[in-house]
Ligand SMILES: O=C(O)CCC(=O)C(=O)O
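For reference, the chain that follows is the form predicted on its own, supplied as structure tokens.
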Amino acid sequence: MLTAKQIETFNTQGYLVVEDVVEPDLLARIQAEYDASLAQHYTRWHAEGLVADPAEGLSFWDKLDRARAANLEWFQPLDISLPHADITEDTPLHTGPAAFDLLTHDPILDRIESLIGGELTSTPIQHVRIKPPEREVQRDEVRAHIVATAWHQDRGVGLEEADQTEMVTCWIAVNDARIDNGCLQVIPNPPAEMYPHCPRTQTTMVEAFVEEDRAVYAPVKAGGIVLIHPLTPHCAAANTSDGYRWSFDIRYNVTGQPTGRAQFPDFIARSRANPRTELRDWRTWQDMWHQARSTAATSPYIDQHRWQHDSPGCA
């Protein structure tokens, strides 16, 4: 659980860095699971002649480098959510047991419970972010999960139905997040309301509301987390280092309140009142996402974002 001082810091500053939260064994299982998943995709790409070198002897990062250099879609197969559009029956996503264990990791849930109580839903607004050195990324790549992330508030990337939902974002460092590889920046002391955003290459706050002179960096070591209030403006600068930066951002809200993305599955991660309602089988979670994918592929498109080009401040 968080201390009283940590809770006060979060409530006043709008964010909190907590080191040494994710257990080393779980981090190792995450890395092994992702290595095995990427190896499957890479082996198929090699068989199809899309990459020259066989997977044998290549590290996870080597395989990523070669897939990226070949301009293959390496990111979506590793993400823990579906894309915002063009979903098909076979759109890949990652729904392995170690990823599920991260969403239900007790040391994370303990910290979230300290802030919004013991009835916690894991929401579908969640992503992995595996960011290469930005100078090596294709020029037309604009996804915030791969390149620099624009200034935004997390309330602003859900639909209006969740504007009153009590929620917390948990940003998890798989390897060290430093200033040079694009750790988070936050603007402390968040406002009491949501600022207007615009649908540019990413959903981003209107520039007039970005007080960048007040921004501070939030570096965190592997296994640490950054907890973020839904109204706290934050971004992540470009990765200017020579290596990748790997993180997850996941979100929890009070059970029974809207997640802001109802077309994708949520589940009860913790319930002090009724523990039997907690989801503990990763296969069920996987099935929920596969069903959501099938529904999205065969149903009218549902926009994940509320902002339009004629929204206030966007003209």
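Fair warning: this is a prediction, and the values are worked out from it, not measured in the lab. All residue numbers refer to positions in the sequence shown, first residue = 1.
Absent from the display: the form predicted together with the named molecule. The rest refers to it.
Asker: In the predicted bound form, does each residue in the set 131, 154 and 251 place a non-hydrogen atom within 4.5 angstroms of the named molecule?
Answerer: Looking in the predicted bound form, the three residues 131, 154 and 251 all sit within 4.5 Å of the named molecule (heavy atoms).
Asker: Please pick out the stretch from 189 to 197, 163 to 171, 84 to 92, 206 to 214 that is in contact with the named molecule in the predicted bound form, where contact means heavy atoms within 4.5 Å.
Answerer: That would be stretch 163 to 171.
Asker: Which listed residue (231, 144, 137, 238) meets the criterion of a heavy atom within 4.5 Å of the named molecule in the predicted bound form?
Answerer: Going through each option in turn, the one that passes is 144.
Asker: Looking at 80, 227, 108, 184, which has any heavy atom no more than 4.5 Å from the named molecule in the predicted bound form?
Answerer: Flagged contact: 184.
Asker: So in the predicted bound form, does any heavy atom of residue 259 sit within 4.5 Å of the named molecule?
Answerer: Answer no; every heavy atom of residue 259 is more than 4.5 Å from the named molecule in the predicted bound form.
Asker: Can residue 126 be called a contact residue for the named molecule in the predicted bound form at 4.5 Å between heavy atoms?
Answerer: No, residue 126 sits far enough from the named molecule in the predicted bound form that none of its heavy atoms falls within 4.5 Å.
Asker: Quick one: does residue 255 come within 4.5 Å of the named molecule in the predicted bound form, counting heavy atoms only?
Answerer: Contact with the named molecule, no.
Asker: Test of understanding: in the predicted bound form, would residue 121 fall inside 4.5 Å of the named molecule by heavy atoms?
Answerer: Close contact is absent here: in the predicted bound form, residue 121 is far from the named molecule, nothing within 4.5 Å, heavy atoms only.
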